Each structure stands twice: as structure tokens, then as C-alpha cells.
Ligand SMILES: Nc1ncnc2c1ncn2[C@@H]1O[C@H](COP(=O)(O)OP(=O)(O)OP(=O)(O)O)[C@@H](O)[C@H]1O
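The chain below stands alone and is given as C-alpha cells, in the form predicted on its own.
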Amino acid sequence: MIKTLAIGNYRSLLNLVIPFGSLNVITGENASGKSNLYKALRLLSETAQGGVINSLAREGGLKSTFWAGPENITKRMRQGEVKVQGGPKKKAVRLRLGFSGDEFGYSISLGLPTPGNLGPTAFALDPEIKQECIWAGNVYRPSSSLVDRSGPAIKVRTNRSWEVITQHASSFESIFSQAVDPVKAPEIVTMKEEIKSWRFYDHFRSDSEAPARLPQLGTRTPVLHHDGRDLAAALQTIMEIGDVAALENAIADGFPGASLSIPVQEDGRFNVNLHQNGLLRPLSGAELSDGTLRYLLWVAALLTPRPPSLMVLNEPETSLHPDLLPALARLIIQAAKNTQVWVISHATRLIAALEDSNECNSLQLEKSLGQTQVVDQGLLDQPSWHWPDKSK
């Protein structure tokens, strides 16, 4: 389980270090930085997928993601005694992302190419991976480092010495693409699989042409696709190899007296049927309201028979009737018993219901002089964190 998430120099997140629990709720006013926090975690997940450079390109390039304010915000600036102003940069400009748990931690540092180091190329604006590190334990220390990548050199610790795996690593590929050796570097394999298991669900489609409404060819589906296209197959998989009682309870909690069935057509296509009190026939996926369909999508996602190490839900309240939010909260709380859950939400009713759980770690974000901060987080409240990056 992730215990600490750290982000440096990413948009409004100049230096954010936050604690994680099994159930985490992120709230805040509009433009407080919730979306930036969500994007930063997604960017971190791309390191294991080999897509971190492409993701940065889609965001407008590395320069556009850097913190746009001064390198340091002084106390006098915060108090309004002097204008917010910058000056010559004293530190190397780096985008830093990292996390840690009880067993391992990982961080990556990205920067612009060093002038003069590149030969003829059309990719001179591509960011470079300057440093990566995997360490043992919750807090980085040089003595706890297990894998260290500095520029093109990657080395791993073997007993009390270091072994260089390569001195010619590509600047645009992570260690998860270039140094996956289960014998020499099992920590890289473990960390890669950990990050790859993270799941992100963000705004399921519920329009009239949404794939979840239409009959789809069904195969066993223990993990719901991020756009919900295989909803019927995912629900049927829960019925066969998942927690059937939890599924029935979730449907009854959201729609008292209702039940699900998944009819299979002769061509192997699956559909969703919702049976409700007072109706002489079930409603198919094409007939369901947007809110009902979205609730069924969240049921399928959260009751997955193959829980990930982390599941991130971005504004799950979208299109749901307020009366469904307590039922959704109970479903999320139950899911947090098997997987770490992070919820970003504006819905006060959903937030209040989640905060009723003793396991809930609630964080409210705010902006001060353009910088995202956690409300009421002092220096002593911030988890211990040290960046391995040697470029200070």
C-alpha cells in the first residue's frame, strides 16, 4: 500500500507530500489543484507502461508542466509585504514524482535535454529521464537504495556492492523498459507490476451510443475496462467467480427490490437487464437512465474479482442522483477493504458518507499564490520524504 505520495514542480504542485491510507478522499474548491494531483498520479503510472514521455507531450511538453511561479515563495510574499517575483534559477529545473510504502519506494526526475549533448535530431524538445531510484522502506536513504539510475547509467545493489547493468540507457525510456531482469534486479520487476496494476476510472460514458448500453461480445472479464465497454461481461464474471452477495446487496442498496440478469444472445453478445418492482419486464442497457447506468458501472468496477493495489476514482458522483451517493459510498468503503482507493470528489453528500468510515483519510486542497497545499498541513503533519535526485 502506498503510504506517501510526493510531487515536485508539476503545474501548481510545487512541493506536495501527502499521506495515503486505505481509503483516501481528495476535496477542494475548483482550481485548487485536484485535477493536477490526479494527472500527476496518472503520469507516474505511465512510467511502468513506457508512456511517460508521450504523456508529457500530450500535455504540451515538459516546459508547460513546470511550476510557473518563483523558485521560492518567501514568507513576505505570502504575507503580501512584497510582490511575488522570481530571480535567477539556483537549482536544476526538474519534474519529480515519487511514492513509497512499507516495503519499497520509487521516484523519477525528468528535465530538459542538456544543450550541446544532443546530436542531429528532430526530438530536441523531448524531456529526458535524469534520475530514477528504487529503495527499501518508506523513506529514502542512500544506504537503503536498491536501484539507482543517473542519466544513462543504471546500477543495482548486490549484497554490499553495486553492479552496473548498463551505461547506455536511453534517456527517454524508464528503467521499467530497459532493466527488467528478474535475477539481477527483482525489485524493478516487482515495482513495475505494482504500478501497472493501478486502475483509473474517469467519467464513464453514458450517452445513447455508449458501449455499455449496447450488447457486446462477452468473455470472462474480471477487470472492467476504463470506458465501461464490457459492463455486461464484467457483471456476469462477478456472478460466477466474484462476491455474488456483495453484488446483490449493492443493487438492492441503490434500487430497493431490484435485481440484475445478463441475457446472452445466440451470437454470444451479452446485455444488461435490470428488473425493478412494478415493471412487467426488465429494462435493457439502452433504456437505463444515465445515473442508473453509471451506478452499475461503479458496481462492476468496485466489486472486481481481481482487486488492484490502487484504484483511483475521479468524480464518481457525475450524473448520479444524490440519493444514490450513500449507496455508492458504502460500496467504495467495502472495496477499500481489498484495495487502496483514492476518490476525488465535489459531492458533499458522498464526501460526508465516506468520512464516516474510520479508515477514511480526508485531504482538502487549497491554493495560495498559485501553489496547491493541503489545508492545515504543517511541517510536522507532512510525511517524511527525501528526494534521491542529486541535482539540487
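These numbers come from a predicted model, not from an experiment. From 1 onward, residues are counted along the sequence shown.
The next section is about a form of this same protein that is not shown, the form predicted together with the ligand.
A.B. asks: Thr348, Ser35, Asn54, Asn338: which sits within 4.5 Å of the ligand in the model of the complex by any heavy atom?
C.D. replies: Selected option: Ser35.
A.B. asks: Any idea which of 64-72, 321-329, 350-358, 43-51 reaches within 4.5 Å of the ligand in the model of the complex, heavy atoms considered?
C.D. replies: Comparing against the ligand in the model of the complex, the contact stretch is 64-72.
A.B. asks: Test of understanding: in the model of the complex, would Ser22 fall inside 4.5 Å of the ligand by heavy atoms?
C.D. replies: The answer is no: Ser22 has no heavy atom within 4.5 Å of the ligand.
A.B. asks: Answer for Ser12 alone: is it within 4.5 Å of the ligand in the model of the complex, judged on heavy atom distances?
C.D. replies: Contact with the ligand, yes.
A.B. asks: What residues in 213-250 sit within 4.5 Å of the ligand in the model of the complex, counting heavy atoms only?
C.D. replies: Residues within 4.5 Å: none in this stretch.
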